[in-house]
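Take a look at this single chain, the form predicted on its own, given in structure tokens.
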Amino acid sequence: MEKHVGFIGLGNMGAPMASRLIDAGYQLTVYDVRKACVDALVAKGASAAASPAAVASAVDTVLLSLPDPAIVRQVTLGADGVIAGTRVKTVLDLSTTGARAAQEIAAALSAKGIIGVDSPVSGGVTGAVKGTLAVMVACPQALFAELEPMLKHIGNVFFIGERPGMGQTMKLANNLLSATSMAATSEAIAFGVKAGLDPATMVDVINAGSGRTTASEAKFPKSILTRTFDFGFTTGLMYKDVKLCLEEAGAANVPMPVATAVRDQWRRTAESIGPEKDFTTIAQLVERDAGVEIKKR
């Protein structure tokens, strides 16, 4: 495929992914509503565009990394959106939108002769910087073969299936588990601290035993025990992902009572601690409820 691509959405995840593509020799035309984000990529050699439509008039392939389904719809299908571009043939959405939104957007793009690729990513800001994200791609098999060499620069690439929405289903299942491990581990550690246990010792034991999760392995040692709460993802986005998962499960008639409780805990965290706060601050909500503090002794 051509090594000139478009990239729209240069936030915490998009900027490092776009930067890795530049480092790999790709020419980028970029757009973001925040000028500072665009300027940072232009300083690395990217070209700035005035709108999503302008990006899609400059390149055949456009990648999106955006925060929620409403913004993805606006950027792709709006009056000055990607769909109004004169050159674009393929749109890869790296965002988390849910299967139904992915299907709706792909159908609208298809009516204009554009292929929508459902390709969410997982692994957080650290994974985006290091190029170790899980990239979950749903598109025609032949197109996947063309896109895989580019996507390998941002992570480990998985072919999920050919139908739009399959990548989103995989991503929401993954994020439900991540969200659940954060909520449950916070409660388990707070329970131990209230009983007099050292939280650092608890984390060590859990990581040596059957309770080990990504929360105990990485998030607690790096961002909770240290009280920095800076892992790189927000409570609002995690709540959005779990809420989306439950909506999709409801549409598929799959009961999720555990996920319902997890969603409610993330909603409380976003409302009480703040939707822009780091998602590791869910531990602060649990601490407040339990009357303890989880920190190194």
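A residue's number is simply how far along the shown sequence it sits, counting from 1. Just so we're clear, the structure is a prediction, and the values are computed from it rather than from any experiment.
From this point on, the text means the form predicted in complex with ligand NAD, which you will not see here.
Proximity of Ala179, Glu217 and Thr280 to ligand NAD in the model of the complex is absent: no residue of the three has a non-hydrogen atom within 4.5 angstroms. Using a 4.5 angstroms limit between non-hydrogen atoms, Leu77 is distant from ligand NAD in the model of the complex. Looking at Gly116, you'd find every heavy atom of it more than 4.5 angstroms from ligand NAD in the model of the complex. When ligand NAD is considered in the model of the complex, Val254 lies well away from it, no heavy atom lying within 4.5 Å. Remark: Val33 counts among the residues lining ligand NAD in the model of the complex, judged by a heavy atom distance of 4.5 Å or less. When you look in the model of the complex, the only residue of Ala84, Ala108, Ala200, Val125 with a non-hydrogen atom within 4.5 Å of ligand NAD is Val125. Contact with ligand NAD in the model of the complex, defined as any heavy atom within 4.5 Å, is confined among 266-274, 55-63, 235-243, 22-30 to 235-243. For the stretch 1-24, the set of residues having any non-hydrogen atom within 4.5 angstroms of ligand NAD in the model of the complex comprises Ile8, Gly9, Leu10, Gly11, Asn12, Met13, Gly14, in sequence order.
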